[in-house]
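Next up is one chain by itself, shown in structure tokens, the form predicted on its own.
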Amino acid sequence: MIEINDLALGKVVGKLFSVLYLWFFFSLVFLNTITIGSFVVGYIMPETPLMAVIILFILTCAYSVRKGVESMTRYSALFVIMVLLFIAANVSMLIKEMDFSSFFPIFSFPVTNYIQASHTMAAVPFCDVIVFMMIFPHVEKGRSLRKPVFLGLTFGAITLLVTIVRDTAVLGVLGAYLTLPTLEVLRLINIGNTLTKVEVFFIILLIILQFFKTSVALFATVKSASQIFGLCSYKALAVVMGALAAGFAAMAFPSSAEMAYWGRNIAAHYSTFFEAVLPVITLTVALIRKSYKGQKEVGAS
């Protein structure tokens, strides 16, 4: 992506766009870090200092990045299988708790609510995959990326849809007032007083997935920084950027209420600028330059 900016926009404007992307990747690192830190302190270890969780988490991500992109992504398929099996299992256990009348009446909210929700779900979970453009050059040469990317997005959409349907069918209107409805849903699983505390598996899986997501964002950060500043290796920056991300994560939100407000009202608009506006500008300029170059070559011939 950084090299594309230089080719399409020139060195000056291209570097400006690249710096903006660098900031966006870095912001994803500390935003995901503060999210998992707040989750661990709020739901698992309330007596643990938030900064201790942040430092431990970010150091683990930095270690993963230093080991290289191949090692970092090696277990991604295993994570997908774990998510699939876990969702299938808990959905089957919660069927008796589901009440599909909770979905009625349909479309009872104002249209603006659906537009805002759709924008948030598209921008934050899905369009964040723009960070994988920093990993695409490391994919085995000769292999098409279109199919795996499409399948990955499709799998993510289906997983999210199943989760939302499950939570809504179980909780009804109560789900709108809960910070983490999935956790509350899983706490309802109780089979013969033997299979309980299923939410523990959810907590473990959530931390693993958040670790993978943050590691990819940190890799994109250090990789883009090394390309912008012409460094020989990105691995030396992993700990430095991780330390900066830990500092930003500690100062990003003074309270959980402000973090919730950011996620609900600002995050989607913030991400859209980097995920849609900047790429569209780059693509448009590249197409115009390509068309102009083609016309110039035709005229010369």
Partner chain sequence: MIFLTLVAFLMIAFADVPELIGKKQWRELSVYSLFFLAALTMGILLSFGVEIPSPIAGAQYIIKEILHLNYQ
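Positions refer to the first chain, counted from 1. Not measured: the values here are computed from a predicted model.
The protein also exists as the form predicted together with the partner chain; that form is not presented, and the subsequent description refers to it.
- This chain is displayed without the partner chain, yet in the predicted bound form the stretch 116 to 124 from 84 to 92, 100 to 108, 116 to 124, 172 to 180 comes within 4.5 Å of it by heavy atoms.
- Looking at the partner chain in the predicted bound form, residues 158, 166 and 199 place no heavy atom within 4.5 Å of it.
- In the predicted bound form, the partner chain lies within 4.5 Å of some heavy atom of residue 247.
- Looking at residue 237, you'd find a heavy atom of it within 4.5 angstroms of the partner chain in the predicted bound form.
- At a distance threshold of 4.5 angstroms between non-hydrogen atoms, residue 252 is in contact with the partner chain in the predicted bound form.
- Taking the partner from elsewhere, residue 31 is found to have a heavy atom lying within 4.5 Å of the partner chain in the predicted bound form.
- Of the residues in 60 to 86, only 66 comes within 4.5 Å of the partner chain in the predicted bound form through at least one heavy atom.
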